[in-house]
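Quick setup: one chain, the form predicted alone, written in structure tokens, and binding and motion questions come after.
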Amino acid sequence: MKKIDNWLKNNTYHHSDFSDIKKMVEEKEKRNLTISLCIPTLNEAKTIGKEVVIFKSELMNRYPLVDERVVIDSGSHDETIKIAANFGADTYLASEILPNLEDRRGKGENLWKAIYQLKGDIIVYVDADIKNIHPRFVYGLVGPLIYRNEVQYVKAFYDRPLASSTGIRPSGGGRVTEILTRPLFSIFFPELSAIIQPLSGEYAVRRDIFEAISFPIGYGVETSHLIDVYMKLGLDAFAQTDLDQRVHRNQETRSLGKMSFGILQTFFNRLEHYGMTTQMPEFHKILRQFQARDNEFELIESEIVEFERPPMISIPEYIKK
């Protein structure tokens, strides 16, 4: 498709395109922009300290690119919050933000509440489990938003070697993207298939875009973002940046099954919302999987409900704030 070819040429970057951070700070200040960094966490004590330190030293102290750096935690049982706070991050429990609302658990909940808690015109989300963290995970994503007013949402993509007990395996990762999300996009939203890693956890977005859309609290949050922004603004609102490599821990296949189950719920809800299908049946919320134990197969049932938070702009406390 010619539209996709043109978009890939004009809206795909490499992080080195924005390596002149001093120049980027000058442009940011010229445009009177503020940037907030959110790191959503759940039991990430092994990696959160390094992320907080690097972002503070390089992107706040050395170059004032980031105006605030916040960790929003889902209720970790390890030392995640303590470590992040000790290294100078502002830390919050998601359950303590907008406490009058019923408590929900999930990464999407943290991302949604970040809109309320953070002040920046641009919000950058970076996952907390990155073993090779580097400032490019931020400056590579905010660059297109600083220099191009028409860009609203920037996604990361990268090579994804997986960390294992025997070291780094140079292939793998992105399995749910290639097996599930990319085929669905190719059928129903073919232009979105131009986004190389739609489920990446690193992206930057303008506040006024995110405050106006709803947020699934769980696995479907990134998928819903892409569809909703695309339906409102089209492909030209997006850009993507190559961050070279992201080293992270591996997830077992059963966990990826849960992720896929949640994404499918969100995806079909979006098709119905936009009138692309009718008479959708009521979704069953129990995922059944099997695990071999000795000579028997154990049935494991998981309830996965993709509850959605409404657009933040509709929340009275946010309007007042």
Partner chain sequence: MKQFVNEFISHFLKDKEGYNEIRETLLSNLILLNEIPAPTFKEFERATALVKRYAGYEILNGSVDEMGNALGIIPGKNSENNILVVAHLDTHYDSTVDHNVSVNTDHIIGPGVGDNGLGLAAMATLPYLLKHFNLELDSNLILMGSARSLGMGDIEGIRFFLNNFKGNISSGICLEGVKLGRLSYSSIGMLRGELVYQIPEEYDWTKFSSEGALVNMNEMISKILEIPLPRKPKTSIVLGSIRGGTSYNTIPTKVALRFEIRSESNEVVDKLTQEIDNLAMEMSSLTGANVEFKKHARRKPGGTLFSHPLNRVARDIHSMMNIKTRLSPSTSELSAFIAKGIPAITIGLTHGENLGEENEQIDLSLLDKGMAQLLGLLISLDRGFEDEED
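Predicted, not measured: the structure shown is a model, and the values here were computed from it. Numbering follows the first chain given and starts at 1.
Below, we refer to the form predicted together with its partner chain, which is not included among the displayed structures.
K.L.:
At the 4.5 Å heavy atom threshold, is residue 67 in contact with its partner chain in the predicted bound form?
P.N.:
Residue 67: no contact with its partner chain in the predicted bound form.
K.L.:
Might residue 87 be said to contact its partner chain in the predicted bound form, defining contact as any heavy atom within 4.5 Å?
P.N.:
Contact with its partner chain, yes.
K.L.:
Looking at the partner-bound form in the predicted bound form, is residue 95 within 4.5 Å of its partner chain by any heavy atom?
P.N.:
Residue-level check for residue 95: no, no contact with its partner chain.
K.L.:
Using a 4.5 Å heavy atom cut-off, state whether residue 57 contacts its partner chain in the predicted bound form.
P.N.:
Residue 57 belongs to the contact set for its partner chain.
K.L.:
So which of 43 to 51, 263 to 271, 279 to 287, 27 to 35 is the stretch with heavy atoms within 4.5 Å of its partner chain in the predicted bound form?
P.N.:
Every other range fails; the passing one is 43 to 51.
K.L.:
Checking a candidate spot here: are 61, 83 and 131 all in contact with its partner chain in the predicted bound form (at least one heavy atom each within 4.5 Å)?
P.N.:
Judged in the predicted bound form, 61, 83 and 131 all sit within 4.5 Å of its partner chain.
K.L.:
If you check 201, 120, 135, 144 against its partner chain in the predicted bound form, which one has a heavy atom within 4.5 Å?
P.N.:
Of 201, 120, 135, 144, the residue with a heavy atom within 4.5 Å of its partner chain in the predicted bound form is 135.
K.L.:
State the residue from 103, 159, 191, 79 whose non-hydrogen atoms include one within 4.5 Å of its partner chain in the predicted bound form.
P.N.:
Exactly one residue meets the criterion: 79.
K.L.:
Going through 89 to 113, which residues have a heavy atom within 4.5 Å of its partner chain in the predicted bound form? Please give them in sequence order.
P.N.:
Heavy-atom contacts within 4.5 Å come from no residue here.
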